[in-house]
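Single chain ahead, written as structure tokens, the form predicted alone.
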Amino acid sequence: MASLMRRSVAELVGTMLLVYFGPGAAAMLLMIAARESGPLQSLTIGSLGGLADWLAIGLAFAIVITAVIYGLGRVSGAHINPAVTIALLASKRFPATDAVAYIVAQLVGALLGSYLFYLSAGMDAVTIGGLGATAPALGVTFWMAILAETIGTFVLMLIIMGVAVDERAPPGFAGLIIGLTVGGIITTIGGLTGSSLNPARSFGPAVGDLLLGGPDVMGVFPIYIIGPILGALIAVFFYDWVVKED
């Protein structure tokens, strides 16, 4: 097994790529829409409503997650998500010291990913695209958003348990199946919450916007901590219960 330092760097780089390409795709859609029809009223991906928009964003996430899992999974397991790390820790599959290092690396990587996208796309990525920050759509309450994020992350973690954690899973398919699952979830609930499923994914753009003068979404950031962590925890314990051999 690679050293904790190397595994943490892999988590940092993997999460950085996730946030650069995933939220980056959302920011690009907002920037393109603004160029075509003038500045948007809202500067978060809650502004996007068309199914085609969310399908495109979901595809971007699916591709980058698949790439990161196949590229770095053998080094760190490619958690690239604090909710996944916390769920594995809670189910005694991952040591606490490693979990802390992973989560710090994921958060730093997420912030770097947002900053690198800003450097690539310019200030419009912040002021118009909001760096792809997540926020509930109009009419979606705080608790509705938490429920959607909980359900979405439950599905994601359930798939991770079945195809990546369970030793009985057929080898070689985890990256593809997990990536496609994320893409499908985003297509379905993206129009409600932005479909984070990942506290780090929301942390990078939210803090990046705060530092660079973009929209302030920190007031809704707890949604993207509570929902994903709760969904991942329910999934890991449900999986252990339902597949337990009597």
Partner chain sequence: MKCYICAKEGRDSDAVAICIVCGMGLCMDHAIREENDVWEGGYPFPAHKVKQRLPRILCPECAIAMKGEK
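Residue numbers count along the first chain shown, from 1. These numbers were taken from a predicted model, which means no experiment stands behind them.
We do not show the form predicted together with the partner chain, though everything after this point is about it.
> Spell out, yes or no, whether the shortest heavy atom distance between Phe117 and the partner chain in the model of the complex is within 4.5 Å.
Output for Phe117 is no: heavy atoms all beyond 4.5 Å of the partner chain.
> Contact with the partner chain in the model of the complex for Ile185, defined as at least one heavy atom pair within 4.5 Å: yes or no?
Looking in the model of the complex, residue contacts with the partner chain do not include Ile185, since no heavy atom lies within 4.5 Å.
> Is the gap between Val242 and the partner chain in the model of the complex 4.5 Å or less for some heavy atom pair?
Val242 lies outside the contact set for the partner chain.
> Do Leu88 and the partner chain share at least one heavy atom pair within 4.5 Å in the model of the complex?
The answer is yes: Leu88 has a heavy atom within 4.5 Å of the partner chain.
> Counting non-hydrogen atoms within 4.5 angstroms of the partner chain in the model of the complex, say which of Ala164, Ala101, Leu107, Ala137 makes the cut.
So the residue touching the partner chain in the model of the complex, by this definition, is Ala164.
> The partner chain isn't shown here, but in the model of the complex which of Leu111, Leu147, Ala121, Val75 has a heavy atom within 4.5 Å of it?
Contact with the partner chain in the model of the complex is made by Val75 alone.
> Taking 4.5 angstroms as the heavy atom distance cut-off, pick the stretch from 55-63, 194-202, 173-181, 213-221 that is near the partner chain in the model of the complex.
Looking at the partner contacts, the answer comes out as 173-181.
> If we check the partner chain in the model of the complex, which of the residues in 1-25 reach within 4.5 angstroms of it by a non-hydrogen atom?
If the 4.5 Å heavy-atom criterion is applied to the partner chain in the model of the complex, 1-25 yields Met1, Arg7.
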